[in-house]
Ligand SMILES: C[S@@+](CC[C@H](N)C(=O)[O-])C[C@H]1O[C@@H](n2cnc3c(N)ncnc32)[C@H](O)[C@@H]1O
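The form predicted alone is given below as one chain in structure tokens.
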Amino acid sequence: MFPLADGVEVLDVGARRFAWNGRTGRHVAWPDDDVVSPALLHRLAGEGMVRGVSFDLASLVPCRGWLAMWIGDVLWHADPLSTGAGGRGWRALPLAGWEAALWAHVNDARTVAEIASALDRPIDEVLAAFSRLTAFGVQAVQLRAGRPRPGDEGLRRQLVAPPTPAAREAGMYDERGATALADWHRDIPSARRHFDDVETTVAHALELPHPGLGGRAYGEALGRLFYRRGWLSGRVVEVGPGSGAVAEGVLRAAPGLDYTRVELAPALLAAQDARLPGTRGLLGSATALPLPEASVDFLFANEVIADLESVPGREGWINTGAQAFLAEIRRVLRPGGHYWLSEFGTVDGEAEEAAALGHPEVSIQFGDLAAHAASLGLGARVEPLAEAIGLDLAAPQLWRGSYEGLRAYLRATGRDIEARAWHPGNLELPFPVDGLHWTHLADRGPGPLVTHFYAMGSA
């Protein structure tokens, strides 16, 4: 083995192999054949990973990672080896005495020597304390050769860790390899827990009024869109209303609608019934709507069609369930009726399975779906979802990693936090947090990336 410096080890994590410097929290990709090329040797030496090469740790600048927060009296950090469809696991790293002050002194500018002087501690003691924060299992701090450049957030927003496993249960695919989620959806036990923990939607994340929507909630913004386009008249049908939040917002924008809900999951239908008095609920499937022919003036489905069947083909997935749904829409719409669908996907790329979810949703190929709609005699206007509802993508929200950390901490103390696009105006915490990060709606928040969503409907 190549003569690595003390504290450096070669690790195999998932399909990745790298040299990890436990003294600095830095890593360098390592070849599978263990052959150290001149270029690799240069990189290793620059990171202080080669035995016998002079390397001044005291001159390095400790920089905080974004996946660590000081909450209460402990450092709370993401665990690189604990990950699943719901996000990373987090755990506490208790720091006592003078070590507890170490985190407060890390400001991405002071060197190790300067921090040791401020704490009045020997350099070796301070380096030993930092080694707890730079360990592979913690990754709360990196010791760098200098201050990070403005906008240099890449390495600090992620961990060196195995990829998120694609958790799948028996029965989620049929004998053709097609996605088969009808039974899984029928068995959803709880509306709130499902959309917080299993299948957070854009609508759920934006269920609270948000500055990115002019102080409105997502459902009301959607209702205003439909109203402006002249679609909220006659019999309105929503397919797959989930928690009922979108319907609530649409009805706020246009009270008194003749509103029918079609839902596959009995638990969700019951939650909608309680939330939406004065509307009608039907148990049924998007691909076999329990509605007569030519009986609907406007039908819409928000973030539903990726859950329908998709079949693997020679050139990628085919959204056969969404196509079947369009045929049903054509059957139940009255002449001159309108429809609207939204989902994550692409206009001209390939449909792909979302590996990070705990069930096999497949993105929608909207170019192909629009062509199919046209073949059925339906209009097919495709547009980015954010553009359609007037979402300001620069508006603030809590960054995904900070949300996961808060959720883990609260659950460890018997509390909880909902999966919302929290912003500085509505996130009130009963304890101080050092290390909370804010971002914008075009970045990763508690919900899915809205920039990956499109809408398709009547032209």
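The structure displayed is predicted, hence computed values, not measured ones. Sequential numbering from 1, following the sequence displayed.
As for the form predicted in complex with this ligand, it is not shown, yet the points below apply to it.
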At 4.5 Å between heavy atoms, only one of the stretches 273-281, 104-112, 238-246, 162-170 reaches this ligand in the model of the complex; which one is it? 238-246
Could you work out which of Ala351, Leu264, Val296, Leu326 is the residue within 4.5 angstroms of this ligand in the model of the complex, going by heavy atoms? Leu264
The single option of Ala203, Leu143, Leu232, Ala78 touching this ligand in the model of the complex, heavy atom within 4.5 Å: Ala203
Does Phe195 reach this ligand in the model of the complex, with heavy atoms at most 4.5 Å apart? yes
Report yes if any heavy atom of Ser285 sits within 4.5 Å of a heavy atom of this ligand in the model of the complex; otherwise report no. yes
At the 4.5 Å heavy atom threshold, is Glu303 in contact with this ligand in the model of the complex? yes
Would you classify Ala388 as touching this ligand in the model of the complex, given a 4.5 Å non-hydrogen atom cut-off? no
Contacts with this ligand in the model of the complex - residues in 179-201 whose heavy atoms fall within 4.5 Å: His185, Ile188, Phe195, Glu199, Thr201
